[in-house]
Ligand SMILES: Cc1cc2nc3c(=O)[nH]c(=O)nc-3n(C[C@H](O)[C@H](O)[C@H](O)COP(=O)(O)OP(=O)(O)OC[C@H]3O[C@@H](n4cnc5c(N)ncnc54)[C@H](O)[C@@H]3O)c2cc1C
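Shown next as C-alpha coordinates: one chain only, the form predicted alone.
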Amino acid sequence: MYPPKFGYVIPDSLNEALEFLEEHQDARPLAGGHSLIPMLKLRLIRPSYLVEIRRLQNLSYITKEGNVYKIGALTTHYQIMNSSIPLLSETASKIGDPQVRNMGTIGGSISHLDPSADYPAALIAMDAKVKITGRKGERVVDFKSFAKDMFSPDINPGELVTEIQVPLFEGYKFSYQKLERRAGDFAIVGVALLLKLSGDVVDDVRIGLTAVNNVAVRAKGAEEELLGKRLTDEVIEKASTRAMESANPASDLRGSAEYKKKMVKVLTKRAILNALKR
(Lines give C-alpha, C1' and ligand atoms only; values in the text may rest on other atoms or scores of the structure.)
Protein backbone atom coordinates (compact mmCIF):
# COMPACT_ATOMS: atom_id res chain seq x y z
CA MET A 1 0.00 0.00 0.00
CA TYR A 2 1.01 3.59 -0.48
CA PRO A 3 1.22 5.91 2.54
CA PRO A 4 -1.17 8.86 2.84
CA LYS A 5 0.03 12.31 1.83
CA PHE A 6 2.12 14.21 4.35
CA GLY A 7 4.47 17.17 4.53
CA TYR A 8 8.18 16.63 5.02
CA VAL A 9 10.32 18.82 7.27
CA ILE A 10 14.12 18.73 7.69
CA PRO A 11 15.10 20.79 10.76
CA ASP A 12 18.64 22.13 11.15
CA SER A 13 18.77 21.57 14.92
CA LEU A 14 17.14 19.72 17.80
CA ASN A 15 15.48 22.92 19.00
CA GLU A 16 13.97 23.50 15.57
CA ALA A 17 12.64 19.93 15.52
CA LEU A 18 11.14 20.27 19.01
CA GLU A 19 9.54 23.60 18.11
CA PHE A 20 7.90 22.13 15.01
CA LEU A 21 6.71 19.02 16.86
CA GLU A 22 5.17 21.15 19.58
CA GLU A 23 3.34 23.35 17.08
CA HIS A 24 2.16 20.38 14.98
CA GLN A 25 1.22 17.73 17.50
CA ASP A 26 0.14 15.15 14.91
CA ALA A 27 3.58 15.33 13.23
CA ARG A 28 5.88 12.33 13.66
CA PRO A 29 9.69 12.29 13.99
CA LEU A 30 11.50 10.13 11.42
CA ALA A 31 14.86 8.56 12.27
CA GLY A 32 15.71 5.20 10.65
CA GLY A 33 12.09 4.73 9.57
CA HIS A 34 11.95 0.97 10.09
CA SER A 35 9.05 1.25 12.53
CA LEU A 36 7.31 4.32 11.14
CA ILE A 37 7.28 3.60 7.40
CA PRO A 38 5.45 0.23 7.67
CA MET A 39 2.76 1.89 9.80
CA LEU A 40 2.39 4.63 7.19
CA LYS A 41 2.07 2.11 4.38
CA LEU A 42 -0.61 0.24 6.30
CA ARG A 43 -2.25 3.63 7.01
CA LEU A 44 -2.33 2.88 10.72
CA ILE A 45 -1.17 6.46 11.28
CA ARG A 46 -1.82 9.60 9.23
CA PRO A 47 0.56 12.32 10.41
CA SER A 48 0.35 15.78 8.82
CA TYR A 49 4.16 15.99 8.69
CA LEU A 50 7.22 13.81 9.04
CA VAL A 51 10.08 15.56 10.80
CA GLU A 52 13.37 14.06 9.68
CA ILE A 53 15.74 13.99 12.64
CA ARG A 54 18.31 11.47 11.44
CA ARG A 55 20.65 14.28 10.31
CA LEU A 56 20.97 15.54 13.90
CA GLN A 57 24.28 13.81 14.41
CA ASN A 58 24.71 15.24 17.91
CA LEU A 59 22.17 12.57 18.92
CA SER A 60 24.38 9.73 17.65
CA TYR A 61 26.95 8.73 20.27
CA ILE A 62 27.96 6.17 22.86
CA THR A 63 29.91 7.45 25.84
CA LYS A 64 30.88 5.91 29.15
CA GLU A 65 30.67 8.15 32.18
CA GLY A 66 31.64 6.39 35.39
CA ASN A 67 29.53 3.26 35.58
CA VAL A 68 26.95 4.39 33.04
CA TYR A 69 26.80 4.12 29.25
CA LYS A 70 25.03 7.03 27.61
CA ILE A 71 23.62 6.26 24.18
CA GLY A 72 22.25 8.94 21.87
CA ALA A 73 18.79 8.25 20.49
CA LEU A 74 20.02 8.19 16.87
CA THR A 75 22.68 5.56 17.56
CA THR A 76 22.05 2.66 15.18
CA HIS A 77 21.67 -0.96 16.17
CA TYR A 78 24.88 -1.69 14.25
CA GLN A 79 26.83 0.83 16.35
CA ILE A 80 25.46 -0.64 19.58
CA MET A 81 26.21 -4.17 18.36
CA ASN A 82 29.88 -3.20 18.00
CA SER A 83 30.17 -1.25 21.25
CA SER A 84 30.73 -4.21 23.62
CA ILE A 85 28.05 -3.12 26.09
CA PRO A 86 27.22 -6.21 28.16
CA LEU A 87 23.88 -7.74 27.11
CA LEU A 88 22.75 -4.72 25.04
CA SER A 89 25.28 -5.31 22.24
CA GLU A 90 24.27 -8.96 21.97
CA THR A 91 20.61 -7.93 21.88
CA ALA A 92 21.28 -5.41 19.09
CA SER A 93 23.02 -8.13 17.05
CA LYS A 94 19.76 -10.09 16.90
CA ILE A 95 17.57 -7.24 15.64
CA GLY A 96 16.32 -7.62 12.08
CA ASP A 97 18.83 -8.04 9.28
CA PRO A 98 21.98 -6.06 8.38
CA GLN A 99 19.96 -3.39 6.57
CA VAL A 100 17.72 -2.85 9.59
CA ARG A 101 20.70 -2.77 11.95
CA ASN A 102 22.45 -0.20 9.78
CA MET A 103 19.46 2.16 9.57
CA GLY A 104 17.35 1.49 12.67
CA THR A 105 18.02 3.46 15.85
CA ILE A 106 17.55 2.65 19.52
CA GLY A 107 15.57 5.85 20.05
CA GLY A 108 13.20 5.00 17.21
CA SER A 109 12.75 1.46 18.48
CA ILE A 110 11.81 2.37 22.03
CA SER A 111 9.68 5.34 20.94
CA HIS A 112 7.66 2.93 18.79
CA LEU A 113 7.54 0.43 21.70
CA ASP A 114 6.45 -2.62 19.77
CA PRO A 115 5.64 -5.36 22.36
CA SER A 116 7.73 -7.87 20.35
CA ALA A 117 10.82 -5.67 20.03
CA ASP A 118 14.15 -6.97 21.33
CA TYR A 119 15.59 -4.01 23.25
CA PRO A 120 12.90 -3.86 25.98
CA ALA A 121 13.91 -7.24 27.46
CA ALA A 122 17.48 -6.01 27.93
CA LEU A 123 16.54 -2.49 29.03
CA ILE A 124 14.11 -3.71 31.72
CA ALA A 125 16.74 -6.17 33.02
CA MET A 126 19.38 -3.42 33.09
CA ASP A 127 17.21 -0.83 34.90
CA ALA A 128 17.81 1.53 31.99
CA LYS A 129 16.78 5.18 32.06
CA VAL A 130 15.41 7.27 29.21
CA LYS A 131 16.10 10.98 28.72
CA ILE A 132 13.21 12.84 27.10
CA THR A 133 13.66 16.37 25.80
CA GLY A 134 11.08 19.05 25.06
CA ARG A 135 11.18 22.82 24.73
CA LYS A 136 10.49 23.14 28.46
CA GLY A 137 13.53 21.07 29.36
CA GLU A 138 14.68 17.52 29.95
CA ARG A 139 13.42 14.72 32.17
CA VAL A 140 14.89 11.31 32.89
CA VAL A 141 12.56 8.39 33.63
CA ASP A 142 13.06 4.71 34.36
CA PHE A 143 12.47 2.53 31.31
CA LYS A 144 9.93 0.59 33.36
CA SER A 145 7.72 3.65 33.76
CA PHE A 146 8.54 4.93 30.25
CA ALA A 147 6.94 1.80 28.75
CA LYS A 148 3.35 2.55 29.76
CA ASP A 149 1.67 0.06 27.42
CA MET A 150 2.16 -1.44 23.97
CA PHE A 151 2.92 1.31 21.45
CA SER A 152 2.40 3.81 24.30
CA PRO A 153 5.67 5.32 25.53
CA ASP A 154 5.76 8.14 28.06
CA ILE A 155 6.35 10.86 25.47
CA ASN A 156 4.23 14.00 25.48
CA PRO A 157 3.43 15.97 22.31
CA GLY A 158 6.46 18.04 21.35
CA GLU A 159 8.96 15.76 23.11
CA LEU A 160 11.64 13.42 21.77
CA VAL A 161 13.67 10.62 23.29
CA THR A 162 17.23 11.93 23.15
CA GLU A 163 19.30 9.49 25.24
CA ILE A 164 19.22 6.03 26.81
CA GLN A 165 21.32 5.34 29.90
CA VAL A 166 22.34 1.85 30.99
CA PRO A 167 24.56 0.88 33.95
CA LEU A 168 27.80 -0.97 33.36
CA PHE A 169 27.29 -4.50 34.62
CA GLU A 170 30.95 -5.29 35.10
CA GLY A 171 31.68 -8.88 36.05
CA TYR A 172 28.25 -10.10 34.98
CA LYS A 173 27.62 -12.99 32.64
CA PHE A 174 24.84 -12.38 30.14
CA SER A 175 22.78 -13.81 27.32
CA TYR A 176 19.89 -12.79 25.07
CA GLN A 177 17.85 -15.64 23.64
CA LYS A 178 15.23 -15.07 20.97
CA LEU A 179 12.64 -17.28 19.31
CA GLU A 180 11.72 -16.08 15.83
CA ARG A 181 9.91 -17.72 12.94
CA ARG A 182 12.37 -16.50 10.31
CA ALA A 183 15.74 -14.82 10.69
CA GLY A 184 15.20 -11.10 11.16
CA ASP A 185 11.61 -11.35 12.44
CA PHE A 186 10.35 -9.72 15.60
CA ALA A 187 10.61 -11.96 18.65
CA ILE A 188 7.94 -14.56 19.38
CA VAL A 189 9.62 -14.81 22.79
CA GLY A 190 12.74 -12.99 23.98
CA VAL A 191 14.68 -13.56 27.22
CA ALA A 192 17.51 -11.31 28.42
CA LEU A 193 19.61 -12.40 31.38
CA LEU A 194 22.31 -10.84 33.55
CA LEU A 195 23.98 -13.09 36.10
CA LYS A 196 26.62 -12.37 38.73
CA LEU A 197 28.26 -15.19 40.63
CA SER A 198 30.17 -15.13 43.90
CA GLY A 199 32.12 -18.34 43.68
CA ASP A 200 29.47 -20.77 42.49
CA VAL A 201 26.59 -18.95 44.23
CA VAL A 202 24.28 -16.48 42.46
CA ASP A 203 24.98 -13.02 43.87
CA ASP A 204 22.63 -11.10 41.54
CA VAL A 205 20.37 -12.04 38.65
CA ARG A 206 18.12 -10.06 36.33
CA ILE A 207 15.81 -11.62 33.76
CA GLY A 208 13.80 -9.56 31.26
CA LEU A 209 11.06 -10.97 29.04
CA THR A 210 9.74 -9.46 25.81
CA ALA A 211 6.88 -10.39 23.49
CA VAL A 212 4.91 -12.22 26.18
CA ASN A 213 3.10 -9.24 27.73
CA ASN A 214 1.94 -5.81 26.56
CA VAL A 215 5.32 -4.49 27.71
CA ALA A 216 8.59 -6.09 28.82
CA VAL A 217 8.65 -7.43 32.40
CA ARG A 218 11.13 -8.87 34.87
CA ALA A 219 10.73 -12.57 35.65
CA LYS A 220 10.78 -11.97 39.40
CA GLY A 221 9.80 -15.51 40.38
CA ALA A 222 12.68 -16.99 38.42
CA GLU A 223 15.08 -14.45 39.89
CA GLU A 224 13.97 -15.36 43.43
CA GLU A 225 14.51 -19.03 42.65
CA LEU A 226 18.11 -18.40 41.59
CA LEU A 227 19.29 -15.76 44.06
CA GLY A 228 21.72 -17.01 46.70
CA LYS A 229 21.80 -20.56 45.34
CA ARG A 230 24.26 -22.79 43.53
CA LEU A 231 23.28 -23.38 39.92
CA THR A 232 22.49 -27.07 40.00
CA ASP A 233 20.37 -28.66 37.29
CA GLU A 234 17.44 -28.76 39.74
CA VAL A 235 17.68 -25.05 40.59
CA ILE A 236 17.93 -24.04 36.91
CA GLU A 237 14.93 -26.21 36.07
CA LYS A 238 12.84 -24.69 38.89
CA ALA A 239 13.82 -21.13 37.94
CA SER A 240 13.05 -21.71 34.26
CA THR A 241 9.66 -23.10 35.19
CA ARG A 242 8.90 -20.11 37.41
CA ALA A 243 9.80 -17.71 34.56
CA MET A 244 6.50 -18.76 32.98
CA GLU A 245 4.68 -17.10 35.91
CA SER A 246 5.65 -13.69 34.49
CA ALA A 247 4.44 -14.43 30.96
CA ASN A 248 0.93 -13.65 29.78
CA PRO A 249 1.16 -14.01 26.00
CA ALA A 250 -1.70 -13.93 23.53
CA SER A 251 -2.31 -16.57 20.88
CA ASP A 252 -1.72 -15.42 17.30
CA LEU A 253 -0.50 -16.72 13.95
CA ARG A 254 2.98 -17.23 15.38
CA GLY A 255 1.89 -19.61 18.13
CA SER A 256 -0.59 -20.34 20.88
CA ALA A 257 -0.33 -18.74 24.29
CA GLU A 258 0.52 -22.16 25.79
CA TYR A 259 3.36 -22.68 23.31
CA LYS A 260 4.82 -19.23 24.00
CA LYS A 261 4.74 -19.81 27.77
CA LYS A 262 6.58 -23.09 27.36
CA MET A 263 9.14 -21.35 25.19
CA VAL A 264 9.74 -18.84 27.99
CA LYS A 265 10.88 -21.78 30.11
CA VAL A 266 13.05 -23.19 27.31
CA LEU A 267 14.71 -19.86 26.52
CA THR A 268 15.26 -18.96 30.17
CA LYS A 269 17.08 -22.23 30.74
CA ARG A 270 19.04 -21.71 27.52
CA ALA A 271 19.98 -18.16 28.57
CA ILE A 272 21.31 -19.37 31.95
CA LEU A 273 23.35 -22.17 30.41
CA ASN A 274 24.64 -19.91 27.64
CA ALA A 275 25.66 -17.20 30.13
CA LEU A 276 27.56 -19.73 32.24
CA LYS A 277 29.75 -20.55 29.22
CA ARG A 278 31.09 -16.98 29.05
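Start at 1 and count along the sequence shown; that's the residue number. Small disclaimer: the values here were computed from a predicted structure and weren't measured.
Although not depicted, the form predicted together with the ligand is the subject of the following passage.
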Q: Please determine, with the chain shown alone, which of 245 to 253, 214 to 222, 34 to 42, 230 to 238 has non-hydrogen atoms within 4.5 Å of the ligand in the predicted complex.
A: 34 to 42
Q: Would you confirm whether the three residues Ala73, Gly96 and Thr105 all fall within 4.5 Å of the ligand in the predicted complex, going by non-hydrogen atoms?
A: yes
Q | Answer option from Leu179, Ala117, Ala147, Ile85, heavy atom within 4.5 Å of the ligand in the predicted complex | A | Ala117
Q) Exactly one of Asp154, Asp185, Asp203, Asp127 has a non-hydrogen atom within 4.5 Å of the ligand in the predicted complex; which residue is it? A) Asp185
**Q.** Exercise: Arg46 in contact with the ligand in the predicted complex, heavy atom 4.5 Å
**A.** no
Q. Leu209 near the ligand in the predicted complex, any heavy atom under 4.5 Å?
A. no
(Q) My question is simply whether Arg55 lines the interface with the ligand in the predicted complex - judged by any non-hydrogen atom within 4.5 Å. (A) no
Q.
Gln79 versus the ligand, in the predicted complex: is there a non-hydrogen atom within 4.5 Å?
A. no
